[in-house]
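In the form predicted on its own, a lone chain appears below as structure tokens.
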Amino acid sequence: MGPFMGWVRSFRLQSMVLCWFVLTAGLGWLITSAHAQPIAPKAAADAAIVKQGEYLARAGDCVACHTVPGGKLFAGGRPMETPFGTLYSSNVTSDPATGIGKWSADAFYATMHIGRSRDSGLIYPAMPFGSYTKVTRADSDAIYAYLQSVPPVALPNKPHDLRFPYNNRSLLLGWRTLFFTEGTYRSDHTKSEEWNRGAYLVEGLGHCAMCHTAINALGGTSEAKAFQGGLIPMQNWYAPSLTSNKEAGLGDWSLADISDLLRTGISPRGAVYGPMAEVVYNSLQYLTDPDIRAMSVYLKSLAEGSPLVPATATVRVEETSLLMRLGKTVYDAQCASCHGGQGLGMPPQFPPLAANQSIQMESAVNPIRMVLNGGYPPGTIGNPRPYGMPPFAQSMSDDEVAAVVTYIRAAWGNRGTAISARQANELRTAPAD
């Protein structure tokens, strides 16, 4: 149960204006119009530009939203359940009638950069244009060229099934005024070229802040709180803070360990599960070593100088409590064979639990979910046969889950707080993915 379990795009909500629809990765829900003027046929794009666009689309994890599992690549139609109704991802293949085959590069860039569709209509922020606005025009054009090369799939877009008043797009005008700032990424000249490349990928195409920044009461995010962590309610995972070493900050990690985690899903310091495992599987494992290192440099800088003492250090669970005794009994019987009697694990296959920030965070959602549902790190090029953790939802009672999670949060010098059986029960019905 490594420091990054529960990363991922897209999700945290309680929106008054539909802004919760910043759900996951990808180009978002592009809105086509039957009344838009036809575009003249485009010349075939240079093969190198198409290849670069494919790479950038990987960096943006576009496949995660725009491809139904087992379906045609980028044909859309993937449902996203929300408290306001259901959204469906759009067809972004080169099909001229149902995809974006008649879109121009200018129209595509407008979608990426300002969140406007081909007919200038407002786009729901399920499409993370708040992050993609940072993408350069050249990179947008490359992604456009790649998508135009994707085999056409004649699959009409499904209309969103949203309840009133959330189906009123005019509400987005207020949201955009409050929470959207247009602008391509600008380099920080006090930082290295490598740092700036990492910032461009993390803040732009990677749209990492979409998960790792809490959504406020109006469904927007504050730049001042970027990367400070937040709950992903519809997925019931917690995306930890990347700015604090009290949570998942990487300030004291080596660049090699961060790079291993991003590229393969495992490292000597921890492993990724849940939504972040999907990001590694779909996107990060395909990035070049220089780009992974650049992202590592930037991510490490976010938490450098942050104290390492967990946020819950002021409250300790008594080692002799009944909850701890039951937790140790369960742990010794079910967990010690992989994670060790002293919680040291067998890295990188079985991550350590002792001195693991993700175990000790104020939010205990992720360790509870791992005990209930189990999980696997992603199968990647660098880790093709990952070791997984079995689910215990069917074999452990709520009291046992609460006890064992409390035990691992407080044993071996860990300083997390106790959890209750009620907390365990509330997560039993959470989606397993």
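Keep in mind that this is a model prediction, so the values were computed, not measured. The first residue of the shown sequence is 1; numbering continues from there.
The same protein also exists as the form predicted in complex with a small molecule; that form is not shown, yet it is the one meant from here on.
You can rule out all but one of 187-195, 174-182, 148-156, 239-247: in the predicted complex, only 239-247 has residues with a heavy atom within 4.5 Å of the small molecule. Heavy atoms of Pro390 reach within 4.5 Å of the small molecule in the predicted complex, making it an interface residue. Heavy atoms of Lys134 never reach within 4.5 Å of the small molecule in the predicted complex, leaving it off the interface. Although the partner is absent here, Ala303 is not a contact residue: none of its heavy atoms lies within 4.5 angstroms of the small molecule in the predicted complex. Among residues of the shown chain, Pro128 is one whose heavy atoms approach the small molecule to within 4.5 Å in the predicted complex.
Taken together, the three residues Leu122, Met276 and Asn366 all lie with some non-hydrogen atom within 4.5 angstroms of the small molecule in the predicted complex. Taking Ala142, Ala199, Leu353, Ala75 one by one, only a single residue has any non-hydrogen atom within 4.5 Å of the small molecule in the predicted complex, and it is Leu353. The contact with the small molecule in the predicted complex, taken as any heavy atom within 4.5 Å, belongs to Gln334 out of Ser259, Gln334, Ser94, Gln285.
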